[in-house]
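Only one chain is included here, represented as structure tokens and corresponding to the form predicted on its own.
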């Protein structure tokens, strides 16, 4: 049973800290660039508001009414098929898998903070060579930073909900807001800012394909840390009297705002120097460093601030990924927090080592399956299949297998009868179908 509780403000910061991560500052800008800008952003905002908020409400409901670990909550709250729904609670394993390679990426970011103090690559080609050398050859550097992230995350989790998770989010999230504000204010002074605003907020529906709509739904879902047991676990430590409807709206608004601000900053810098928004690691680790170089002395400052901001976002998300499994071991097996945190941390640390080695030229052949390395497989299976599948389980469970009278008792005073009915319609039918389509599209089983 969860005993320590967040303060109301602490919970919001922790939930936002979980949601605001690499998906906001890294992935959102490049998928926006890839799928046409303004029209994609509009679909993303609509889906974040409806799918995102409604699934957040579902996960907060489970946590608030269940008050335990995620596995026990599914089992205890189910009105029927309790043994099956206990298995659904094992969505908590998904963030632990994600954390294994997420930690490696945070390690790259920490390395780039240090590099930004020393020098910036003058060309895209030089930038690409630096990153590819790190990725495919430099085992020691990657291992050092991966170990650093492992120790940092484990230490914070060892301190618990109040003294660990809440306290670090109260430090890092305001600092992240300050850094992004500085970068945003600077970007406003750059001539290409108006071009970035036009690109992101002037919808050209001729560029909006069915695939772009599906990707926008997946992005809105993934960036809020849904379907992984994280919000459910955090909600088990909700303070009494928390308005879960307002909390869901606030978390979604802050998370979406960070994504939009990051997009404006990045597109302003890219457009100013005529650079391209490349997919994946290429945007942050190849395109942007050479763009920062073009800004002269100010570029070094911008680079450090930018990578520190991403590091803060990554660390707060990493912490949230570890807590669900830790709480499960504490609740179900009566492990001490220390024992549970060490076991879970060692698991993601070892799997992360295997993931980073799968990108190293000398080790890649041993860690490749079907032409794809372990790092890529972990990312593909977790984010493309397991996360939306977890979301489907959540909304089906809340919509069909929880006590409807208890749900109405909780939601109607907060949302009113009409909005509660709309919420039921969404979680019972529309959201599950939308997420099934996302899985089918992303896995290539059905292309639109």
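Just so it is clear, the structure is predicted and the values come from calculations on it, not from any experiment. Positions refer to the first chain, counted from 1.
FYI, the form predicted in complex with a small molecule isn't displayed, but the following is about it.
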Please identify, from 227 to 235, 293 to 301, 209 to 217, 196 to 204, the stretch that has a heavy atom within 4.5 Å of the small molecule in the predicted bound form.
227 to 235
By the heavy atom within 4.5 Å rule, which residue out of 223, 345, 247, 359 makes contact with the small molecule in the predicted bound form?
223
Which of these residues, 439, 22, 426, 12, gets a heavy atom within 4.5 Å of the small molecule in the predicted bound form?
22
Does residue 320 reach the small molecule in the predicted bound form if we count a contact as any heavy atom within 4.5 Å?
yes
Whether residue 102 contacts the small molecule in the predicted bound form should be assessed with a 4.5 Å heavy atom distance threshold; does it?
yes
Residue 98: touches the small molecule in the predicted bound form, heavy atom cutoff 4.5 angstroms:
yes
